[in-house]
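One chain is shown next in structure tokens, namely the form predicted on its own.
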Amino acid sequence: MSRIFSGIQPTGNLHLGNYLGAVRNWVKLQDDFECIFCVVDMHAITQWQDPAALTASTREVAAAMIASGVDAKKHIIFNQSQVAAHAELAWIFNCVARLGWLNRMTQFKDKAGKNRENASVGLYAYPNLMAADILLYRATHVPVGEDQKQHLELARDIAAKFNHDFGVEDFFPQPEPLILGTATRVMSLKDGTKKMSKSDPSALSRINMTDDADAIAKKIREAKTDPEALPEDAKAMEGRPEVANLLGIYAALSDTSLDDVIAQFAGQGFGAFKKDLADLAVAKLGPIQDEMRRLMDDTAHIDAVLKDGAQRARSIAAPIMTEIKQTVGFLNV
């Protein structure tokens, strides 16, 4: 069976975009792939995190995975820092990857912004750690959004260069991207041109997985729209990013096509549509949120899941890491 590796950062509240763009799709992949799902806490500290908040967020993300339907017995859920081989392989890849490759990574430019000189070395080099995450398990497929495709391409380049430099053809596979889901890019409720983000200063821009029904309804009710009625067809959505975002969210939550949603609400006003969307969101997210809260009250259970997952991840990674060290020439007596 092909093997998937995918990860999610434990930074701030998990939101609807994380669920629709990643976690929900992971659940759908479980029957067709061997899955390794990782809470990438080492990636999280490329920008400063409050330690207590990082611990809590790690548990929250794990709880969200389990509550959403990821089977932690059949597949692996763990947090990255519990498997030291991720850091070991990342250093080796720091010595394989080229500066020119990293200089082309657009996400570093976006995240560092104008303060590039003050950005951490980790933020600059984290695509190498991402490559290590994937290749440590010889994953064959990686579910990615459009904004992560460049990093997967880098992982493929690193794999090819390692194989070539050390004369070990096909030692690392060329992992393939899996781009899945109806609404893989959920946008801000306040600006349809920007991705829904934990770092947005406006709490009204995102629906957190911990929001109650009233908060969800309020955020959808106050979501940005425009004065026109809902579009009659997909072409009429052009130039209306907020409208496209809300219709896309409805389509994803209802598991219907965007065209069907447009046809259902064509020509209507936003008042009734937003109410229907809020009701749908509460109905779909409510059971997951209830289970998340139950799990968050039982941190010992979450910790046990992560510990078991880490042990199973190490059992896969250890022999591969031994081969890598032998290939590089590291003396291990």
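Just so we're clear, the structure is a prediction, and the values are computed from it rather than from any experiment. Start at 1 and count along the sequence shown; that's the residue number.
In what follows, reference is made to the form predicted together with a small molecule, a form of this protein that is not presented.
K.L.:
May I ask you to check whether M321 falls inside a 4.5 Å heavy atom distance of the small molecule in the predicted bound form?
P.N.:
Result no; M321 lies far from the small molecule in the predicted bound form.
K.L.:
Taking heavy atoms and a 4.5 Å cut-off, does V186 contact the small molecule in the predicted bound form?
P.N.:
The answer is yes: V186 has a heavy atom within 4.5 Å of the small molecule.
K.L.:
Do G309 and the small molecule come within 4.5 Å of each other in the predicted bound form, heavy atoms counted?
P.N.:
Residue-level check for G309: no, no contact with the small molecule.
K.L.:
Spell out, yes or no, whether the shortest heavy atom distance between Q82 and the small molecule in the predicted bound form is within 4.5 Å.
P.N.:
The answer is no: Q82 has no heavy atom within 4.5 Å of the small molecule.
K.L.:
Sort through 212-220, 227-235, 91-99, 195-203 and report the only stretch with a non-hydrogen atom within 4.5 Å of the small molecule in the predicted bound form.
P.N.:
In the other structure, the partner sits against 195-203.
K.L.:
Taking 4.5 Å between heavy atoms as the contact cutoff, choose which of K161, K111, R240, R104 touches the small molecule in the predicted bound form.
P.N.:
By the 4.5 Å heavy-atom cutoff, the listed residue in contact is K111.
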